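Before any questions on binding or motion, here is one chain by itself as structure tokens, the form predicted alone.
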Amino acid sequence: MCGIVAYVGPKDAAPILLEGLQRLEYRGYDSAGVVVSSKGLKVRKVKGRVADLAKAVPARFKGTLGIGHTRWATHGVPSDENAHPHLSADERIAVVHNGIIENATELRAKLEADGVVFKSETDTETLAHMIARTVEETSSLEEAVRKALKSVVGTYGIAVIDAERPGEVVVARNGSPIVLGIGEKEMFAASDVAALVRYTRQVVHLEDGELAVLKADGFHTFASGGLETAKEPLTVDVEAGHYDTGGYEHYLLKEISEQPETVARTLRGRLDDRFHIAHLGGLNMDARATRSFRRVKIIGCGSAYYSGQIGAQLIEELARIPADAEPASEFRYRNPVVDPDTLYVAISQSGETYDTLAAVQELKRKGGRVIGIVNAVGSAIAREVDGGIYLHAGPEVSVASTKAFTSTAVAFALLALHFGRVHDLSPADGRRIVDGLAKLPDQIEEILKQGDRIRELARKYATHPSLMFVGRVRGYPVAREGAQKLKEISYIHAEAYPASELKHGPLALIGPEMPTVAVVPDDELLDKNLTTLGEIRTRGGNVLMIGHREPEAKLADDVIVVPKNEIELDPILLTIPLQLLAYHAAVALERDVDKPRNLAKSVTVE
């Protein structure tokens, strides 16, 4: 959550910081600010978007070193005063911070008792004052930062500059990502590689508890105790163009439209037509280890959790291994029993989702075997787990996840196929699933061609204040994800229920004012699903059906027909129309599609 950019080198820092913040704005966009060092610190910060900040930065805002921040509020309402950077009382130290300082109230009280006057409501300002108090007592800014952080309880990714040391930036990480970018006689740091790829593809990821000192000619990294650590740069396989809209009106539409290609990338090199299995070398498990697991537990947050529900269904159907999914935020706090016969799967597009990362770390402490399904190469979860599957879906900029969700469901199909063939899935069924997976990109392309019609349906249903989403078994997690997409980008209230649960309470809500979006796969439960549609229609409810064919009777007001695949893989395709429905509803209501209110892309706080 929130975005950090830092620069030190021979160039004017402000344009670099502003451009980097623009690319990180999906991580937080209620306020933004920059500070540069040149004969003292020059600061500009505003409530609002990075574009507002750019207008507020004067032409003579020069300095070859600086830090910037785009914010998603946790402490204090969005305002100019609460925007980062935060400065010490003597305006010597400037800090930008992602995360939450849990003991900020206690630290603030101590500082106020010593006469410090605060200018903001934020937890971050305490850091600026604490570092300012220690910097005079120490021989370096890095030592002052390290000493101040010893008093901090919570999560942080920070960048710090000192007006009296204009040639260096100190950054530190604990639970919130910091990535260093290595340039030609210049150094960068950011909370996401998106801010770096225009300038360099050589990066170093800090681990929790690490600090780094950046100077124009290089960097040094340290553990929290002060010992120097050795870091090898990685080359990231992304380019600045990957973060452009590519001619689309919104990133979200671009990312929905990219799914034939991104699914093909997730599948590339992983389907074996000879033995009808999935090649997943990144799992770091041989067949004997794979067979030793008796249960699979999947953890994730938001859309990742819903994709995990699809994954659990696939694993149970194809591998006949008991599997279930649970929100990572709940899992880590209920003191779970960690079973050595259980394989744990952590899902995160960014690989930095704090609740999921903390759950992984708890599992590792208790001896659990954990694999990850992540999109961001080199991310914290990817480095923490025992093995896993990279999605290769490319950067996902829009806050609402679409292509990463779909690629995650495809990755679970690969995992289920792999487990199934190691267990008891027959070669014939393996061939059936391999062939079905190979068809997915073209079938998704076919669905996308219905965009104009789905846009008209979205305009129709966007006039209602609430929608009900229903599905049964394979269709239920699809319904949950569909409701999630609609509510998060259009702000239309939407709830998802198992179709079989309607008559146990939610049916009381059904009427002309609340339409139902029904996910109806052409599977063994088709007749039961059609009966549910009949129950809704007899109570005056309108129905938008997402399925594989028109129902024989007039059970739906509108139908979106989706190509048929294997019944186990159909949920992947049934999700695509719901993404388009949510997108076009949000556009019809003139919402800020890529930056929905109150949300941010990478949730690195609890």
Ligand code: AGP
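This is a predicted model, so every value here is computed, not measured. Don't overthink the numbering: it's just position in the shown sequence, from 1.
Just so it is clear, the following notes concern the form predicted in complex with 2-deoxy-2-amino glucitol-6-phosphate, a form of the same protein that is not shown.
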property	result
Steric status of site, 2-deoxy-2-amino glucitol-6-phosphate superimposed as seen in the predicted bound form, threshold 2.4 angstroms to backbone or C-beta	open
In the predicted bound form, the one of Ser88, Thr155, Asn529, Ser350 near 2-deoxy-2-amino glucitol-6-phosphate [non-hydrogen atom within 4.5 angstroms]	Ser350
The single option of Thr516, Gln484, Gln309, Thr122 touching 2-deoxy-2-amino glucitol-6-phosphate in the predicted bound form, heavy atom within 4.5 Å	Gln484
In the predicted bound form, segment of 269-277, 430-438, 350-358, 176-184 with a heavy atom within 4.5 Å of 2-deoxy-2-amino glucitol-6-phosphate	350-358
Contact test in the predicted bound form: Ser401 vs 2-deoxy-2-amino glucitol-6-phosphate, heavy atoms, 4.5 Å	yes
Non-hydrogen atom contact Val171 with 2-deoxy-2-amino glucitol-6-phosphate in the predicted bound form at 4.5 angstroms	no
Contact test in the predicted bound form: Ala304 vs 2-deoxy-2-amino glucitol-6-phosphate, heavy atoms, 4.5 Å	yes
Proximity of Glu488 to 2-deoxy-2-amino glucitol-6-phosphate in the predicted bound form, heavy atoms at 4.5 Å	yes
